[in-house]
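One chain comes next, on its own, written as structure tokens: the form predicted alone.
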């Protein structure tokens, strides 16, 4: 929301407003002389520019550049499943920054922790569930959407159970650890007549959306190549990372975790699907963290347009950069998929520019997208089919790495709603 024009123009200080009593400004004498009419901003004298005492508390409503939140009773109720680091530090606080969403229930195996969170965020203790009595959410009419934030191998089970309870579902990525599980989740959504959305937050993030727009509008010319790096060091002393190196829980290593950003990013930036994949896995010798899953994985995807995408992920180094090279210009997103900080550079032979883009809370944006879809019964732009596509492709990447030979993609997939479209631009 923009500040009152009186403040931004310098006519009144914040101190004057803080000193107001009963809606009347009581500190007018502290205003600059020109604001009282004795001297104008350029040093000349003249008529008062503003009768502070009579007019300051009754100025016209300024234009609101950000839509206000909808009425509390109309907001869509979220039940967060899994109270780990990501849920507590990103998702739950972001619900408070949303326009259409509210936190109404929690699911955790730790009752004491859940009660602490419930008290902090105003959730009733009667709306705390565990993994055994999870199905009782069916009896809570305040819950509209269940947000699954669990280890990858548990996504399918709790998504299906949520649909059986009559709820819509937001599921973290990767959608599941197998094609069969993804298909079960999609079928359960159809049977329940409820919406399934995969939490591809970057597809709702303003810097990524601007990069997509520039590519679609031809501002880079003909796209020739793409390089994506998504990697982070894993820390097994952090409980949030322990399960990520256990294949039965994670489904894989760095590719299934941070690497999915590079994969999905290549697809939504180019707006097409790969037809061939080759890949290589490199695990450091003697590093016991990677006896069950991969550390470094590099892969190459060929697209129908002829564009080659080179992607890299890993658990033993840092990298967060997407680069797209066109015949007229190139762009780099760096950081590309950070939680709260992003950068976009556009380069030609003559200059480098950095478009001015406002940072927004991508978690709140994606949750509000699903909330709006529930309220208006409109499609979501990252449905279960989008999650299934990435799981199928990741399994092909593993196959290519294991065989050492290129793998052909023998199925077709077309994104139902283009990634560059927002909730108000649904097809």
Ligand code: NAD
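Positions refer to the first chain, counted from 1. Model, not experiment: these values are computed from the prediction.
As for the form predicted together with nicotinamide-adenine-dinucleotide, it is not shown, yet the points below apply to it.
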{"query": "In the predicted bound form, segment of 83 to 91, 306 to 314, 220 to 228, 285 to 293 with a heavy atom within 4.5 Å of nicotinamide-adenine-dinucleotide", "finding": "83 to 91"}
{"query": "Residue 206: touches nicotinamide-adenine-dinucleotide in the predicted bound form, heavy atom cutoff 4.5 angstroms", "finding": "no"}
{"query": "4.5 angstroms heavy atom contact with nicotinamide-adenine-dinucleotide in the predicted bound form for residue 251", "finding": "no"}
{"query": "Exercise: residue 173 in contact with nicotinamide-adenine-dinucleotide in the predicted bound form, heavy atom 4.5 Å", "finding": "yes"}
{"query": "Proximity of residue 240 to nicotinamide-adenine-dinucleotide in the predicted bound form, heavy atoms at 4.5 Å", "finding": "yes"}
{"query": "Contact assignment for nicotinamide-adenine-dinucleotide in the predicted bound form, among 199, 105, 177, 234, heavy atom within 4.5 Å", "finding": "199"}
{"query": "Contact assignment for nicotinamide-adenine-dinucleotide in the predicted bound form, among 167, 244, 267, 342, heavy atom within 4.5 Å", "finding": "244"}
{"query": "Contact test, all of 113, 150 and 155, partner nicotinamide-adenine-dinucleotide in the predicted bound form, heavy atom 4.5 Å", "finding": "yes"}
{"query": "Sequence-ordered list of residues in 284 to 320 near nicotinamide-adenine-dinucleotide in the predicted bound form, where near means a heavy atom within 4.5 Å", "finding": "none"}
